[in-house]
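Shown here is one chain on its own, the form predicted alone, set out as structure tokens.
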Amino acid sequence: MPMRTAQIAWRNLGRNKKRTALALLAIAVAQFALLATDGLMRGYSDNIRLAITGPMVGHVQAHHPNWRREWALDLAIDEVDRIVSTIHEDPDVGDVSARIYAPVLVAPEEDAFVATVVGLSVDSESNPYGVLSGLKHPLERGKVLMGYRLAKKIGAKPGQEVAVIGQAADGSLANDLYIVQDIIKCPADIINQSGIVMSLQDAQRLLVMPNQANEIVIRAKTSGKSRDITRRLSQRPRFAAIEVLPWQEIVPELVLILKMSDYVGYFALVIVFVAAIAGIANTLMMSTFERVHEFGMLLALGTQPRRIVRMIVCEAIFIGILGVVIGTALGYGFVAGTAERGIDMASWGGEGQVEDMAYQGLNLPLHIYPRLEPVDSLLGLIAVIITSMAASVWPAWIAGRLEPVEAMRA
């Protein structure tokens, strides 16, 4: 009996093909919007996570306890080599890079410009997601790399000699001449805007910081291990006077942005609910009123009211599931068609030269590669089944309470 009811319900969908098609279109478009939005938001979240845990911040950072508040050059970590060796002992650690940051003046000729010396571990930063990832030639001792925006501002070119002048950690004058090896563009906005990148050893020598660094950036082998690494390192006696923090605590504002991107998916899910309710409820109400006479005859012949109710509910579920299947196919087709080349959101801004969005010294790429998880389509399916059943309640209630004689007169 239930199977027979389902077969009748399925055939009833073809009785008014235009109305059924409109209901399917509404649900399919809503499901497509859900999957397209989820795909874009997941791709955008991936960009933010890679920007955070990649070149600039890493998964975990270690500093002098007051460094993040004051950014004073003398607030440094001592015995950096031993600290880095200790960090490498952790099984979840992939790369470790010690860094030095110092405000300086750079003079390509007569005029001087404000800049920032960034001394870093060349070998570590040349790995994937490092600041120097993709650099054609390794950074040589006695040479520097310059951020492309700074180079454009001061007119520096590769091979040019520049003077770097600042104050050393001990209060003395720090000054030296360096050759610009290359002009670079990287995801760290601070380097693009004002960076003079040199090896950690050159920076230690220039700023009188023997075996010292202001910051140690730690990258985990796999994502999700930042808090475990932080906990284990913090428990070591050698880190008693060092602040160790996971990336979630270093850039909490960006963590909030990641959470907000998830809420966008819920908003799209609400659209699916509304489209399903509107499309299915309208279709079933019209269908029910058109078939009042037919329902009266069925009731007069002995059909139980609950069977008519089941038939209407089955019609609603069939419309919902079919609409979700069509929308899912469209959504996955959209993601599959854009996943490889991505979507350049920067081009939406017109003819400007906007390429990335900078926030707190990080470049957040605007070229998004959409992706989906299996749960994305499942959420839409569950939502539509629930709303289909909810939308069928009123038409089913009307049909189930019909009096056979009065219904046959309609």
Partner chain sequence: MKRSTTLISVTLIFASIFSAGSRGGDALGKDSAGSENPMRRFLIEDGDPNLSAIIKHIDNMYRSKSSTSRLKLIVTKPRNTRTLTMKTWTKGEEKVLVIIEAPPREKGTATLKIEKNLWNYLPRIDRTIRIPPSMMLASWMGSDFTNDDLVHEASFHKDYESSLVGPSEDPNGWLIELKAKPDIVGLWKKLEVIVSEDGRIPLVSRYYDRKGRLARTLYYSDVKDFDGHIIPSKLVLIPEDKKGHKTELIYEDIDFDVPVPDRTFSLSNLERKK
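On a predicted model such as this, the values are computed, not experimentally measured, just so you know. Positions refer to the first chain, counted from 1.
The next section is about a form of this same protein that is not shown, the form predicted in complex with its partner chain.
Asker: Here the chain is shown alone; which of 208, 257, 274, 245 has a heavy atom within 4.5 Å of its partner chain in the model of the complex?
Answerer: Spelling it out, the residue with a heavy atom inside the cut-off is 208.
Asker: Can you pick out, from 167, 199, 181, 124, the residue that has a heavy atom within 4.5 Å of its partner chain in the model of the complex?
Answerer: None of the others qualify; the residue that does is 167.
Asker: Tell me the stretch among 246 to 254, 225 to 233, 97 to 105, 324 to 332 that has any heavy atom within 4.5 angstroms of its partner chain in the model of the complex.
Answerer: Contact criterion met by 97 to 105 only.
Asker: Whether residue 285 contacts its partner chain in the model of the complex should be assessed with a 4.5 Å heavy atom distance threshold; does it?
Answerer: So residue 285 does not count as contacting its partner chain.
Asker: Does the 4.5 Å heavy atom contact test between residue 86 and its partner chain in the model of the complex come out positive?
Answerer: Residue 86: no contact with its partner chain in the model of the complex.
Asker: With a 4.5 Å heavy atom cut-off, would you call residue 91 a contact of its partner chain in the model of the complex?
Answerer: Heavy-atom contact with its partner chain at 4.5 Å: absent for residue 91.
Asker: Verify the contact flag for residue 111: yes if a non-hydrogen atom of it lies within 4.5 Å of a non-hydrogen atom of its partner chain in the model of the complex, no if not.
Answerer: Yes, residue 111 is a contact residue.
Asker: What are the residues of 70 to 85, in order along the chain, with a heavy atom within 4.5 Å of its partner chain in the model of the complex?
Answerer: 70, 72, 74, 75 sit within 4.5 Å of the partner.
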